[in-house]
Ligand SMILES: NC(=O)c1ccc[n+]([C@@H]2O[C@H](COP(=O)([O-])OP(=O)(O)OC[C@H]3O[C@@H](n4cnc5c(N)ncnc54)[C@H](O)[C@@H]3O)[C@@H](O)[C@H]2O)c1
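Listed next as structure tokens is one chain, alone, in the form predicted on its own.
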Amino acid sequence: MIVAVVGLGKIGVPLAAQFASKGARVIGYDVDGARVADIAAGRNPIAGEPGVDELIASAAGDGTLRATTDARAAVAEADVVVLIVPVDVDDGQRPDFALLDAAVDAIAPHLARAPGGPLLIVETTVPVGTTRGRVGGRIAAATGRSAGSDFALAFSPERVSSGSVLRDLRIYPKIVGGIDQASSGRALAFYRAVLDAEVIAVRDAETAEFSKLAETTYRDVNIALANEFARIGDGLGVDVLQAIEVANTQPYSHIHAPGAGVGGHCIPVYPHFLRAAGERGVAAPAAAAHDGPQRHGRPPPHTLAVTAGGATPLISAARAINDGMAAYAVGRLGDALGTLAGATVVVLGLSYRAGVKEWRHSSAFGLARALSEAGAHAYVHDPLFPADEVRACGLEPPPRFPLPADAIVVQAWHPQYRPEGECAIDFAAFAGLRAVLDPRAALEPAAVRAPGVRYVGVGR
């Protein structure tokens, strides 16, 4: 079996390595020549993924994994093509399909023309209807070939996290949904051959697309609720973290943790896909390719039942709450210091979470912005990012580290910051330090207070 993986990013590279480890001949495709060259040399271009280095070295060495920047060379003979190219949101919080569209346009003319055609699977998280309507539609417009008759088309959401992709591929059930029963059947057989996890087929591609949006939106709303609890508890002088911990001993309570916001590519982005659909009040186009047995007698969707005004109030409110937590946390720091005007503040961690080199939608941006708006001079330090990469994100790295500072903000408490780490933090080394803002509850308050520094938490 020949498998093409389109997009050699943080998920695409481990996927390619996983498929090759199960005996498939894998061709990775990406426009980034450096990543392609790394794989050709048997090197993993994505750092921090346990087990991937070894799989790539082995697969590249025996020829079961190779990579190319040539779309035709990647897909012309492929039995299966897996698309894993990100869809983000634009400045108006609307889905931005630029990268996915470019990838589809690049491969469409070169898809194999064997009987039945290849199986094309979209793993990129997308708005409902994208697999059938946008991906299938663009290929049909470019080539005249129809999904379902000239090639199989399915959606299967990636359900993994950076730093644990191979583990997650073993543990979490794989969801698949095709545009017709034949596509679902082929996708089901493919993933059963290349994964060890359970594979679950759902009614259609739209159901599979919605499942991923429901999963991530649930987490966003849950975190927003925890953040509301924290703000209420801060006003009451309650230890909300402890209250949540004991509340969760009841089996029906699964409250997440409060913090300074939600980062990463998933949770801050995908709820907007549902929100946009709700505001339109119209579902994405569903072609007549829904066949009877899969639909269980239900008609194709045409409209979404939404609240007055076409809004999605819960999803929108959760996004607003979580996006506003950085400013709230900085406000608590300002209250502790009396004022932030003229203060020097160091934000620890550009990454959206500890131990992962990923800046996308990190709360570090909101924290730095709120500090600047309050009159502080904000520096952002991260042992995973060289100073030039911090500057490339529009943030200012400290001229030296540690340096005199009025306050420190713990955004991502990397292992490197811990006592045994290469950048072990000694609060006494920051001359003039008066307060530490710890919205992630990463520190022991007593350890911060020991040298006479004020501890400031969120919900703590």
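Please read these numbers as outputs of a predicted model, since none were measured by experiment. All residue numbers are counted from 1 along the displayed sequence.
From this point on, the text means the form predicted in complex with this ligand, which you will not see here.
- 212 is the sole member of 186, 110, 319, 212 with a non-hydrogen atom lying within 4.5 angstroms of this ligand in the predicted complex.
- Interface residue among 117, 127, 86, 334, judged by heavy atoms within 4.5 Å of this ligand in the predicted complex: 86.
- Contact check for residue 414: no non-hydrogen atom falls within 4.5 Å of this ligand in the predicted complex.
- For residue 256, no non-hydrogen atom is located within 4.5 Å of this ligand in the predicted complex, even though that partner is not displayed.
- The closest heavy atom approach of residue 102 to this ligand in the predicted complex falls within 4.5 Å.
- In the predicted complex, this ligand lies farther than 4.5 Å from every heavy atom of residue 406.
- The stretch in contact with this ligand in the predicted complex, judged by heavy atoms within 4.5 Å, is 25 to 33, chosen from 25 to 33, 424 to 432, 55 to 63, 389 to 397.
- Contact with this ligand in the predicted complex holds for all three of 9, 12 and 360, each having a heavy atom within 4.5 Å.
- For the stretch 245 to 275, the set of residues having any non-hydrogen atom within 4.5 angstroms of this ligand in the predicted complex comprises 265, 266, 270, in sequence order.
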